[in-house]
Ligand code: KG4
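In structure tokens, the next block holds one chain alone, the form predicted alone.
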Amino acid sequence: MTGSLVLAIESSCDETGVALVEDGRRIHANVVASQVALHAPTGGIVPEVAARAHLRWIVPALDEALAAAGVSVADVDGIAVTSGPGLAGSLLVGINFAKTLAWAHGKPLVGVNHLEGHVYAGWLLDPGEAARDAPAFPLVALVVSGGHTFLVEMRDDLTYRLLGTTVDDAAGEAFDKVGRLLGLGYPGGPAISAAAERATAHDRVFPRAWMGDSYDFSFSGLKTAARRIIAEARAEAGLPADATGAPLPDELLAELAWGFQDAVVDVLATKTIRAAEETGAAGIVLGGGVASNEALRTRIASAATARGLRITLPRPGLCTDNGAMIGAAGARRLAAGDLADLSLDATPTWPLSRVTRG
């Protein structure tokens, strides 16, 4: 390793991530301890359970990451940690762990906005991956996750102009809710995507909330409409109204999943492409857990290519929460001198840094 090496820690929600990232791009280790199976029985994240799981896994994750990279904490040039937004208890586990490491080893500490990490996942290179150009400015970034959905314009590193955001529910929340209505497992996004791929009929039309000419998003009404459409479909099939009563036939399930997914993807892709065109962007970057959805990736990539826009799609494992994305953003904050001290605390609600509404 010849460049700056950052040790990065992510614990904002239900994934314990520890990574080693060089120069904000090259991943040398990226360990993620997932809690999906832990929260599946409750159909959602229980904050106290999540925080305790982080306590259980954070030291083993660090040990594994250091071993994979072949380094020690003494070899790193800085420590980056997610300090918000997220679940307070989960954030505090990672923050206090990072502060202890920084103090014990005399390393600079950087607090990173989790959403900024999702943006910078597009700059990452896996171990052994051929070098490629970084996303070029100006660009438009769409971040879509369980708790956040927004579009920003970037004309340089660490600078953002908010173009639009959700006025109610995030797309990931809608996927989870509709997944439960369809009788699918948690999380809803991957389950709906898998079901939609099996659809042979595309006749179920779900509504789109376009919000006029704005770049804002709304998915609350779609959830309400989905409840009605699914209830009607169950009645037509002679099934009990509640998804726990009897499962939907696979063909009907696939058709409903496809219709709902298509409504979400249509709005996200259309607004993102329009934003890129109207701002004069050179390209588009996707980030966040929902950005691993294949239908969304295909739709945006196809439209971007047709318009000569460069599209950056992190592989699915880098779209979901992980330490490497925090290392990518943290390296840039470290280089900019945006250092934290041992008073660093959790910021559960924290809009993307330096955003100005346009």
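Residue indices: 1-based, along the sequence shown. In this text the structure is predicted, and so the values were computed from the model without any measurement.
If you look for the form predicted in complex with the named molecule, you will not find it shown, but the lines that follow are about it.
- Contact annotation for Phe175: at least one heavy atom lies within 4.5 Å of the named molecule in the predicted bound form.
- Within 4.5 Å of some heavy atom of the named molecule in the predicted bound form lies at least one heavy atom of Val290.
- Using a 4.5 angstroms limit between non-hydrogen atoms, Ser193 touches the named molecule in the predicted bound form.
- Proximity of Gly189 to the named molecule in the predicted bound form falls within the 4.5 Å heavy atom cutoff.
- The contact residue chosen from Thr312, Thr320, Asn30, Gln35 relative to the named molecule in the predicted bound form is Thr320, the criterion being a non-hydrogen atom within 4.5 angstroms.
- Contact with the named molecule in the predicted bound form, defined as any heavy atom within 4.5 Å, is confined among 110 to 118, 236 to 244, 89 to 97, 213 to 221 to 110 to 118.
- With contact defined as any non-hydrogen atom lying within 4.5 angstroms of the named molecule in the predicted bound form, the contacting residues in 111 to 147 are His114, His118, Ser145, Gly146, Gly147, given in sequence order.
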